[in-house]
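Given next, in structure tokens, is a single chain: the form predicted on its own.
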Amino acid sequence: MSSFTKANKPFHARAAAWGLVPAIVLLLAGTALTPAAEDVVITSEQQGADVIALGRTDFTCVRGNPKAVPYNPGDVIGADLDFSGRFRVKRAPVFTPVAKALFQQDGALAYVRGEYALEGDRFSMTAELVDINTGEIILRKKYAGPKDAMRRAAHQFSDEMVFQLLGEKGIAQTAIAYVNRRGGAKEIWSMDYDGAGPRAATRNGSINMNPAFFGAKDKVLFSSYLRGLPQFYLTDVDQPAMTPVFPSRGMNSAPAYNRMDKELAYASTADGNSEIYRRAASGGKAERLTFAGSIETSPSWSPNGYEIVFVSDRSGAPMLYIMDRDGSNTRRLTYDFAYCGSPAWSPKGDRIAFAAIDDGNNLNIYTIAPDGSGAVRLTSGGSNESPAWSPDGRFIAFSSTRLGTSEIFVMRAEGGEARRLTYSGGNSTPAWSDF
């Protein structure tokens, strides 16, 4: 059984008594809150519970034509909460005694409601989390802006709820960049984390590849054959443009951004062979990190910026290796595969995702501990590659041909059922933005 209680002290001591339970303090920074709703705490008396039950109703359009936007904001928020895996959400069109009983039967103590107005090309929206029993407003947020930004506002409220209820950042406002192949060209595209709003970030008709978010979630670094040998360019996903970034005499590819120190690791043939280099994201001199005389590529930073995992064929077949940020202390990570590629270090630092050809001669997504132990296969069916972690470390996006053509999918970090995000065909190499 769970309950709402009023509290003037933090919930941490109470939460510790139950272990990892959804005991939640709402740090109410929202607007227009009633004094009685301050310092509300949600506690769960069911030890080990890790899913919060909530109700939600459709948002009411109080002005304008609701058909002017192809979704209801309540549906977007409900899908966000469901996607997170941290909430169990029951829907009802409106809050009635029957809906209240339905929510309570499912264990919900609060529900989400809201209203919005559409005027010309603008919107305004109020979203609320409400105590089912008392009707007190626990959290209220107001949003306004261009009409095409209302979906983003719904994502923002979802993230507000995740932070308030769980004390963690939500991923509903994050983005995924990827490569889309149409005809002979490969363009960089971007979409919302749930696959909505796909949009072209390049339109140059060339071969563009290896997207990586460059700090901000609207800035994407990538390599392109636009002017001959592949070089790095930067684009804004909302205002596509091609800005060259430290060109060199070799081929530059596979950029990886280290947000801790604002540095890049990447592969380049500037000195003949494909080697791993490091340089400040703002420019400056590049530092070569590998000297094995083999092909080195696909670097990925550890979350603390101290180490880099990369691919090398120095042992004969492409395998994963880890080195310190200065290129020292190199050690081999994988052995039991015919091929390993596209490593991605998890934001939590405890796992590295990668693609590997296994005993069945299939390309699948695996994760492994940084010490080389505990390799786990996460996918099956088709060719699966290019894993990319969500910034909270709970999900992995990847490309797969399991349905024929290559599409972007997302799954939980421990594997399981995958959700399809793209449908146009020819989509690959996802990169997930930071918060």
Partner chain sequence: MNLKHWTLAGLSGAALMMAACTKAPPPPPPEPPPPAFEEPVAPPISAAPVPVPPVPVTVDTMPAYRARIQGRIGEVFRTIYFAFDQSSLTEEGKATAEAIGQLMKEAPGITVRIEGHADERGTNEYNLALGERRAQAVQQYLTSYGVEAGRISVLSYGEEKPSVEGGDESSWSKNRRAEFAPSF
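Numbering follows the first chain given and starts at 1. Keep in mind that this is a model prediction, so the values were computed, not measured.
There is another form of the same protein, the form predicted in complex with the partner chain; it is not shown, and what comes next is about it.
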State the residue from Pro247, Gly283, Gly228, Pro93 whose non-hydrogen atoms include one within 4.5 Å of the partner chain in the model of the complex. Gly228
May I ask you to choose, among Arg88, Lys147, Arg181, Arg259, the residue with a heavy atom within 4.5 Å of the partner chain in the model of the complex? Arg181
Which one of these stretches, 166-174, 73-81, 336-344, 123-131, sits within 4.5 Å of the partner chain in the model of the complex when only heavy atoms are counted? 336-344
Does any part of Thr243 reach within 4.5 Å of the partner chain in the model of the complex? Heavy atoms only, please. no
Please tell me whether any heavy atom belonging to Ile295 falls inside 4.5 Å of a heavy atom of the partner chain, as the geometry stands in the model of the complex. yes
Is it the case that Ile207, even though its partner is missing from this view, gets within 4.5 Å of the partner chain in the model of the complex, heavy atoms only? yes
Could you confirm whether Gln104 comes within 4.5 Å of the partner chain in the model of the complex, counting heavy atoms only? no
Non-hydrogen atoms within 4.5 angstroms of the partner chain in the model of the complex: do Thr202, Thr405 and Asn427 all have one? no
Residues of 299-315 having any heavy atom within 4.5 Å of the partner chain in the model of the complex, listed in sequence order: Val311, Asp313
